[in-house]
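A single chain comes next, written as structure tokens; it is the form predicted alone.
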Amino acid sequence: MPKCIIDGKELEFKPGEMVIQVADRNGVEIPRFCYHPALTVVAQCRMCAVEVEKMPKIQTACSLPATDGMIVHTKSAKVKAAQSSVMEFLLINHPLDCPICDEAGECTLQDYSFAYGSPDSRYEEHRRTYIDLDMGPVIKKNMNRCIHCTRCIRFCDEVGGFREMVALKRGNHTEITTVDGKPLETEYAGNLADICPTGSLTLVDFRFKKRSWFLKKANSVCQGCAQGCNIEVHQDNNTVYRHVPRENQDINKWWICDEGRFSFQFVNAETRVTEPVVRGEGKKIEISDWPSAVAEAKSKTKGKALVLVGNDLSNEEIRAIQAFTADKIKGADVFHYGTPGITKASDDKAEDKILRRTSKTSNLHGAEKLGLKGWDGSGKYESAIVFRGGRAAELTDLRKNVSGAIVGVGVFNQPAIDSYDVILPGLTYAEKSGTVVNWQGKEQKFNKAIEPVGQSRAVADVFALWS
């Protein structure tokens, strides 16, 4: 393979690769604002300047093809002077409002200003200002912070396949905005905040809620659909604040959809049932005595039983439920369920050309792989147990199939109390570790991010009390 030299290191590269790609793969840091590996190269921020021997002028690493024998310097005096000048230029109009900006602590402009910029500014003119239009419920725009990298425009055009972002006017008057000032309609708007290198585009949902340096991170898998996008769960003080995408080129590349991004909100919802609930004599009685609640559930589960397993549960939980049912509820009919209208893996289809699937639970394909069949809503039973992880339907209409008691084990909301005789609160994906199988057949692990909320317990703990 051909080789080039970057900062004294001899590195192999594939023909056609740019210098910045070779550097990234080998751990050589080259700063950039406009460059993103998923987007076309525009070389307009000029921050990725490098010096190449036998070339008289500074070059942009993002647009410079590597050639055999090329000698590149990324930290020479000439490069440092160029990068310092670029930073001074980019900060001319920036409001420098880091103390009130949600991007503070994870802002590329902030980091590069410290690493490559000058501590002084020579600019004495008035900074430009904009009055920002509404961009919809997902993204809050602050054009005053924009550095015209155009990542947002290129994302909409090239990844999303829709033209919703444009640049108006020219030069110092350039403004990045939506077409005709309309709110964003895309289901992937949150990614604009991810790729924006400044605080110009931020998430409305996360706005002013928590500083990034307080957040603890756990690698996880999105529970929003059968795509199985890789994510990080960010939490502090046992409260989940956001999901951000985690790169996986085989599944979700660098992106997640908005539905998956905000699917964490049920974890800390006020309506979530987090204490055992027993309904008796037409009234609801909340109790905190787990052994009594399990004993009540056990006594009410009798006769021909229906066991419904949410395909939003992990493989490990489904196996435990199968073993428990075979041992303790002999003769029960066991089915999986999840998304209305999706009863088997073959029903799951692509909902768009990017990521979203029609199955709105993460482990439909895993449940079928473990031998469960989907429930079609038919049959008559004397009792039922419903296991749910938080994304599957809550099944509030089971009375037409079940003449006796209905027990819920898992994650339920308070309105569901009226439809169940006993609810034993379980764990969400954020409170446990496990594996799920996506539509491609890939088994992936998600990790525990927070401690169980309230008195919620794992399925295995429920079964231990049942014995």
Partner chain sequence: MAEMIVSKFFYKKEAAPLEYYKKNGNGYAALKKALAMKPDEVIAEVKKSNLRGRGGAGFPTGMKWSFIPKESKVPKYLVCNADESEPGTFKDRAIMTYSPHTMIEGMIIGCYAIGANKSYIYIRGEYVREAEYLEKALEEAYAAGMLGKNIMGSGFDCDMYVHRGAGAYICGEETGLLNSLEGKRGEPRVKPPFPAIKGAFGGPTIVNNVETLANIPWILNNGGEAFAKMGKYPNSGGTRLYCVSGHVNKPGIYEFECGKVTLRELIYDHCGGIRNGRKLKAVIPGGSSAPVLAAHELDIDLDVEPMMKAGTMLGSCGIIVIDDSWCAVKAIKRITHFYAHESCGQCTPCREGTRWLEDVLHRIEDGHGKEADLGLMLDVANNINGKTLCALGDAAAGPVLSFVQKFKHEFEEHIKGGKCPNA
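Residue numbers count along the first chain shown, from 1. Everything numeric in this text was worked out from a predicted model, so none of it was measured.
Form predicted in complex with its partner chain: not shown, discussed below.
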property: Among the candidates 298, 73, 304, 148, the residue which, in the model of the complex, approaches its partner chain to within 4.5 Å (heavy atoms); result: 148
property: In the model of the complex, the one of 274, 248, 85, 358 near its partner chain [non-hydrogen atom within 4.5 angstroms]; result: 85
property: Contact test in the model of the complex: residue 330 vs its partner chain, heavy atoms, 4.5 Å; result: no
property: Heavy atom of residue 125 within 4.5 Å of its partner chain in the model of the complex; result: yes
property: Distance check, residue 45 to its partner chain in the model of the complex, heavy atom within 4.5 Å; result: yes
property: 4.5 angstroms heavy atom contact with its partner chain in the model of the complex for residue 341; result: no
property: Which of 37-45, 22-30, 403-411, 437-445 lines the interface with its partner chain in the model of the complex (heavy atom within 4.5 Å); result: 37-45
property: Output flag, 92, 167 and 174 jointly within 4.5 Å of its partner chain in the model of the complex, heavy atom basis; result: yes
